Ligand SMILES: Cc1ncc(COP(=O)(O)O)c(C=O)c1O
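Presented as structure tokens, the chain that follows is alone, the form predicted alone.
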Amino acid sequence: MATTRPFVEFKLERLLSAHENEVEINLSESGVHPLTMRGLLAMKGGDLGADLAAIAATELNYPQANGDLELREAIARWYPGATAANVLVTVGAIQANFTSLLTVTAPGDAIAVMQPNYQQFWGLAQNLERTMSTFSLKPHRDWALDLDELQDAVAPETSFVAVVNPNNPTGRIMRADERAAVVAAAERTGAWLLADEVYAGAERVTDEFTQTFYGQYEKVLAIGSTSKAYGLPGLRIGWVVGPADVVARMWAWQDYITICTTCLGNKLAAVALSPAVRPRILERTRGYVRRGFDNVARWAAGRDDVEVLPPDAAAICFVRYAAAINSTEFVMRLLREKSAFVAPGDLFGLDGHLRVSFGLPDEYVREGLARIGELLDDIG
């Protein structure tokens, strides 16, 4: 008699969905403070009133199912050698990840996943009957990639390797030698390399856009989104860039899952990724990231019970705390006692840490950090 494998919930997303809208201070977000529609259209220059009127007159119809051509061309422009045929527009990066795994792996396949990471693949591997191994970024080495673990995790039978760069939750950008090692490991076994690059563009320590893995190896699937570095999470627009034949197979899976994204999402994302607007959005994002982390650094410097390694990019950092309390328990107490919210480190596989968002207005961030400090003081 067949047995049903227990369903593994996506605990992080469920926790965020349950509580992020019921607190006074929410530092669990992982992107920068969102743009308004007016603010986005104003970045185009020209007649804002006419642009708003054109959006208001848009028929709320289905867009092109794989993404409007204008949007796919705008995305392809930022990936070397890509064309619109290499791009599939998805409902957020989360669907791009899901559809990628469905398309290029099968039940029983071995996958290797970077840790810490956005924990989607942790549950997906079990729910879709893939076998998962992991390789780590090491906190005691400033979140450097453990190259020995990478070699061990990517075995001869491995068919899929997943990395996130810049990293969630640490904000670290991989060095050139680490990137080369990841590509070589995937190439050695012929594995697909999925590169979640949703924080590219949110660099703190450089004005250079983080180099994509796309074009470094023929079996790369590069994942992007308007949610993180672009401050447009409400559009729910993500994408995958990969070989045209594989992208077409992914579209076939998408027919069963979401069919398409939204027409307004496509139109506004095409504005955001246009050559005139994209640099302005990234300048805004980097301003939030740089000012925001300064708030975290000053707060951490004033305490002897927390430690944070400065992130290279992203609007988040991983804060290590000394208190003898589980991180999810800490977060639940923070919710109940201080009406503030962050993401617990144990849901990234590293207890004793908190993922803290700082790409938000200064006073808001400082108040959230103060409430975290108050609870740490209460715990003693």
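Every value quoted in this text rests on a predicted model; they were computed, and no experiment measured them. Throughout, we count residues from 1 along the sequence that is shown.
The same protein has a further form, the form predicted in complex with this ligand, not shown here; the description that follows concerns it.
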Just to confirm, residue 236 within 4.5 Å of this ligand in the predicted complex by heavy atoms? yes
4.5 angstroms heavy atom contact with this ligand in the predicted complex for residue 30: yes
Could you confirm whether residue 172 comes within 4.5 Å of this ligand in the predicted complex, counting heavy atoms only? no
Distance check, residue 168 to this ligand in the predicted complex, heavy atom within 4.5 Å: yes
Taking 4.5 Å between heavy atoms as the contact cutoff, choose which of 71, 161, 88, 93 touches this ligand in the predicted complex. 93
State the residue from 134, 105, 227, 266 whose non-hydrogen atoms include one within 4.5 Å of this ligand in the predicted complex. 227
Looking at 291-299, 219-227, 173-181, 277-285, which lies within 4.5 angstroms of this ligand in the predicted complex, counting heavy atoms? 219-227
Just to make sure I understand: among 187-203, which residues lie within 4.5 Å of this ligand in the predicted complex, judging by heavy atoms? 196, 198, 199
